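Heads up, the chain shows up twice below as structure tokens, two forms, tagged structure 1 and structure 2.
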Structure 1
């Protein structure tokens, strides 16, 4: 048997303890998007995890600031020699925020609920390899897989895999009840969400007594809120042209990091004429990534040529697969039967990378004969029309889920991409545990997506972090779509 066990490290908390008497303990963070609800197990919006992941809800494992897998509710685990059976030992004395005890039965309920036929979990395929979940005793859970899965422990660290209690699960959208170091206090719709320190937390206590996520959707409001001190931090700042001004102000720390956000021109691969490879190749040749990055609202980003983060060691730079070449784009459209181009629509959700970047994309496609009608939509409408309804031609969105290249193998996913060769690579990847083999498969999958021009692969969304210079513990990068406050503290 392989035995895995880790110990929680409390360095940040030890540092904060020494300044506890002088340091403030409240924090107001600006967030661009208001979540549709607060249950990470029942929604695809990144804004949900941004508030509750690691703060309010916890899983068996968690993803650390460097993208590593760490223990969370499970203090240790054993893996059978055949890689199919995981036996988790839970921490003792864990309570949900309503005072009920966490037991193995809650884990059974959560994982069975996530993989059930009627599951509303946005990442249900994460749980597809699970054959059974059983409570061995009050603090021991045995998960048996249909086949070995190299990413299983990582998958259990997603926000979609957090553990919830049966008695409170249905109310988590409006009144989230987790096991985390913060408790939900209030949601003023359209304004802010407030969480407070959980005095009964099972693990290391957090330094902050209270944190408010204030909803500030644009730079015009974000800049004065920051400069006035009304807001002390933005994990993802919509700074726009004012970024240089903030960088020169010694009151603030500005950290440009990376995310898992592949920003793409989402394409409906089953809707004509986008079901034609030559049309998709023409679009790929029509996109000037540097111009799109310059006009995306922040002027920051790393060009990508496939659906994979440049920060990942398995990344392959495929931006040269279809280099910017408007004349080649026009020729491909003619070969596809559209010598005079065609009309289409593009639905743009609220973030500046979509609304501002969408204007640039529409201009570039217009130059090769593709005339786009721009349709601004709110997030709720985007989720309903584009993500769930697949009622769209083109859209722009950042896919911020970690290591999510496998979404292209999902037959019901909104891209509606279908390639048996790609599916076979992902199936092989799912059961591979050797890192060298996994890297080779990741790279093969990247190349297939790039060559098929499944979407317009544009750039990796930057993480523009801005916060008070006296604030410590904010993450530089975003390996998951979250604002983890568990190690955040004030030095003065």
Structure 2
């Protein structure tokens, strides 16, 4: 009885909403992961940025929906001729949510805090090039770099580089105080996070009055929540095999976009037999990307042949470098001294792309004689054993940081890849600021990685955006981990 009543009420509401012209101003979004806390400057979790980036916190610059660098708190900047000194001019009249004014001192504090010795910022390398930060006047900040850095403005657009106030910085984990168009309102742990419109916002006011991020970790719960209207949008929906059902429903808009998540078969390049190029080439030939993608639920995802996002203009399609060819793989293994294959382990973190994808990979490698023992690990163990301990043969991880090809030049990185030729390319990239030159260098770097078969390059993680057809302004791609709600509005 009650149920019918609520159906009637909902219908009546829908009808009245259709006649009246006032559009809705509230939104419930589903998110897969609950953030551990809400301070993007003190944690790597993508879930933090997915709630607060651009909504609650802003940096000097910001990344737009196409991955471009846009001005944010800094309305303009000047770069010295030697590329070492950046002078930012801040917007006037910017207030933090607690009512205090944003000044150059806050920028100095935020950047110094992020790069300090005792900083717990998860992306300290972003700030490594900074030599000094000083406030010229109340609205002018001068940042001096040790050496020119082509990606500096992009780096300042990361969630880890947002500007916070000294008075509220410590409390940001629980009660984030930023400058954004939304204010934090409430966090029901394990359940939802609510943000509301900031009436004193310095920039263009947002259309939504209230947005709730509801934590829904799995397809089994996500789909009914969407169908029942409890949740009206998923920036990235764990739809899995049920996606076809949603796509055929006219109430919803389904947009398959791309992410920065290169999903790769991480390989320990210093551990035998993976230190042998022939073995890595054999693995590359043994992988059937189409099958891996199909076995991964909705069958979406773009095959990649190197560690670079297909959405990036500098991307080169290198999937043909070592095409799927089991016979060739067996021959290469025999050449490498393993005519009968060998045994190895694969450590798989919890996401379905790893746990499900790992089974398909194991089956494909078994077909060429490599027997993998599957070891599932929690993220904590993965970080400790694989990432820091480098105690692994193979693993599957999606590297979701944007534009992160530079990790292959890090000597302590868990791939244990070491190629001076590649390092030279990255070093050049670090100082190059001409777009054409940068593109050429990026492509060179991609080719080296593909030919060296450093890792098994599998596919780019898809972004399955699903939202109510009446909702406009959601991002189609995720050049950064964010759910930018600043341009989102209801059409009815």
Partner chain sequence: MAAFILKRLAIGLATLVLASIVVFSVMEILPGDPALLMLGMNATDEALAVLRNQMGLNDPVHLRYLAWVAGMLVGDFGNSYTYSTPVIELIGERAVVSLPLATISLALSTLIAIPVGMFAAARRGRIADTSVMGVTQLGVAIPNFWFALLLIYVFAVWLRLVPAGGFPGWGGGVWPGIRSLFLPAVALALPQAAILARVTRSAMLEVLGEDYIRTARAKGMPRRIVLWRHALRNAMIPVLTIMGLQFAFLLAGTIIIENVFYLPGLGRLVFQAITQRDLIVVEGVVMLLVASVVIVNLAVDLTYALVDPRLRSRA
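Positions refer to the first chain, counted from 1. Just so it is clear, the structure is predicted and the values come from calculations on it, not from any experiment. For the two forms, the rigid core is made up of the largest set of C-alpha atoms that agree within 1.5 Å on superposition.
Asks: Given these two structures of one chain, say which is the form predicted in complex with the partner chain.
Replies: Form predicted in complex with the partner chain: structure 2.
Asks: Is residue 291 on the same rigid part as residue 214, between structures 1 and 2? Assign each C-alpha by whichever superposition fits it better.
Replies: No, the two C-alpha atoms fit different parts' superpositions better.
Asks: Tell me how far the smaller rigid part swings relative to the bigger one between structures 1 and 2, in degrees.
Replies: Relative rotation between structures 1 and 2 amounts to 16 degrees.
Asks: Would you look up how far the C-alpha of residue 281 moves between structures 1 and 2 when the rigid core is overlaid, in angstrom?
Replies: Displacement of the alpha carbon, after core fit: 6.1 Å.
Asks: For residue 338, what C-alpha shift in Å results between structures 1 and 2 following superposition on the rigid core?
Replies: So the C-alpha of residue 338 has moved 8.7 Å between structures 1 and 2.
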